[in-house]
Structure formats: C-alpha cells, structure tokens
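Have a look below at one chain only, the form predicted on its own, in structure tokens format.
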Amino acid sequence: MWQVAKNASLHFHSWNDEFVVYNSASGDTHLLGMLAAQSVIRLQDAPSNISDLLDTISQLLQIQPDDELKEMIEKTLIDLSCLGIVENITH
C-alpha cells in the first residue's frame, strides 16, 4: 500500500503532459511525467495498492493494464519514494 509521504506538502502545476511538483516540506521542485504525476494525484485522494493504481491509470491513459505498465508504476513509486513524495506503508 502506498500513500503520499506524511510530511510532504505538494503543489502541482502542469503543462500538457508534464507536471512540476513543489514539495514545500523539503523545498524541492520536481519535473514529473504523466505516469508519475497521475500516481501522486491518485495517492493524494487516498492510499492505494499497485493493482488499484494499475486499473485507475490504465483507464485514465486509455491503455491496457498489462505487466509492463505494472512494472512501470512500481518503479515510478520507488523513484517517488526516494524523492520523499510518496511512501510505502505496507510494513
């Protein structure tokens, strides 16, 4: 299960398929692609597991929810976790 990091305070701005997110808790600004941005936006609504994110994001992007997309979401969440934007709460 994943969620937005408890100490994160995120502010989004988007241009077409690219998003900039400013985390006022860390003072860092990050350029995010569509997959990363949509993952964070969905996690802002509620914590979610990979399977639910796969379903939601595949519908949003109008692509098939296959193993390749699942792996991309998993990698994206790990990358976002390293940036302090999301956190895995399945411990």
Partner chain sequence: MNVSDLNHSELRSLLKSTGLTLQTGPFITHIQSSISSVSENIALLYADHALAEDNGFADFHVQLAPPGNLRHWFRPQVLFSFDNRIPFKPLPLDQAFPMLEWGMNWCVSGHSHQYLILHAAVLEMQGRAVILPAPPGSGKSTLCAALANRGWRLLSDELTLISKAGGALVPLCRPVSLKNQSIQVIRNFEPTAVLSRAVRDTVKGTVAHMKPPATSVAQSQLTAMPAWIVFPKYQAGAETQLAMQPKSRAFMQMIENAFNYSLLGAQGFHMMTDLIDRCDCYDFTYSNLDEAIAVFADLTPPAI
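Positions refer to the first chain, counted from 1. Since this is a predicted model, take the numbers as computed values, not measurements.
Below, we refer to the form predicted in complex with its partner chain, which is not included among the displayed structures.
The closest non-hydrogen atom of Ile63 lies beyond 4.5 Å of its partner chain in the predicted complex. The shortest heavy atom separation between Gln44 and its partner chain in the predicted complex exceeds 4.5 Å. Within this chain, Val21 lines the site of its partner chain in the predicted complex, having a heavy atom no more than 4.5 Å away. In the predicted complex, its partner chain stays beyond 4.5 Å of every heavy atom belonging to Ser58. In sequence order, His11, Phe12, His13, Trp15, Glu18, Val20, Val21, Tyr22, Ser24, Thr29, His30, Leu31 are the residues of 8-35 having a heavy atom within 4.5 Å of its partner chain in the predicted complex; the partner itself is omitted from this view.
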